[in-house]
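In the form predicted on its own, a lone chain appears below as structure tokens.
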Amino acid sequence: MSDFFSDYWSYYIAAIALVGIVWCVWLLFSQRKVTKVAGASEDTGHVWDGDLRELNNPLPRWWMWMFLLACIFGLVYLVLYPGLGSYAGVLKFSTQGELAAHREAQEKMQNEIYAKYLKMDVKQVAADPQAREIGQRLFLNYCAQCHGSDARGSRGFPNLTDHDWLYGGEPETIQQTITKGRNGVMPPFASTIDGKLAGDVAQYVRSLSGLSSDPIRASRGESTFKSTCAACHGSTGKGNQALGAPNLSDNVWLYGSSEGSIVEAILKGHNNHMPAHEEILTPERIRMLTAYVWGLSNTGGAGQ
């Protein structure tokens, strides 16, 4: 309760807690004595089923002491642990601190396992069966939501089991991608290219990868491609890994190779975001994950 906007609410909640316990104690002692009538318990006057009469008997001693001990326990608890508004308690306990302690203990235990792999080259780690199993579990927890459990990706999410890389497939590059994330932007050109011309450019792009295309339309789209698209994708369409611009001359397509898909990309653009994991994963885990991802396309890991 440390996020109160003012001390008023802290005092208010503390007062309710304390007054509630004091009231329970008062209620207990106020009912200790009952009025006796001729040596018998007081009749409350309530009768059920003709002869079932309610009497005001004294409270059993064991019950009274149990109730009193419960109130004392409540007061001791509020002194030791949080409960009185923003008062942190003598023991300074918090669920956030407990979680942090558990996480620290778990990470220490796991880092002992990772320690031997820190001395190995990433490519050696990728070839180690135990390391590959650890990397696969990390991948399934943190990467499979986008890239799929088999790492083959889907529309808009790259296949990590082939050799087609937007930013490069070396271990250092993969580790940088996982750590810092990526933001690949294909700007929209609807303001400068109309739909018909975009279709001609799409035909030219299809021709670069050997797909069926209309040669007349492709020739019309070539000049626009070289004046507008070559700055990122290169004059031959082979892409630029420094920018994350895909190679358009192979047969790997992130959003599809149909004319409609290419036209949509030209007119509307794309904005691909790979989130950074440096705040989520420890450097040791990132290194294990790097080795696993690199191994998917270099050691046959995708099929294992």
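The model shown is predicted, which means the values in this text are computed figures rather than measured ones. Residue numbers here begin at 1 and follow the sequence given.
Here the subject shifts to the form predicted in complex with a small molecule, a form of this protein not shown in this document.
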(message) So in the predicted bound form, is the small molecule close enough to residue 177 to count as touching (4.5 Å, heavy atoms)?
(response) yes
(request) With heavy atoms only and a cut-off of 4.5 Å, decide whether residue 65 touches the small molecule in the predicted bound form. (result) no
(message) Please tell me whether any heavy atom belonging to residue 72 falls inside 4.5 Å of a heavy atom of the small molecule, as the geometry stands in the predicted bound form.
(response) no
(request) Flag residue 184 as yes or no: does it have a non-hydrogen atom within 4.5 angstroms of any non-hydrogen atom of the small molecule in the predicted bound form? (result) yes
(message) Only one of 83 to 91, 105 to 113, 186 to 194, 118 to 126 has heavy atoms within 4.5 Å of the small molecule in the predicted bound form; I'd like to know which.
(response) 186 to 194
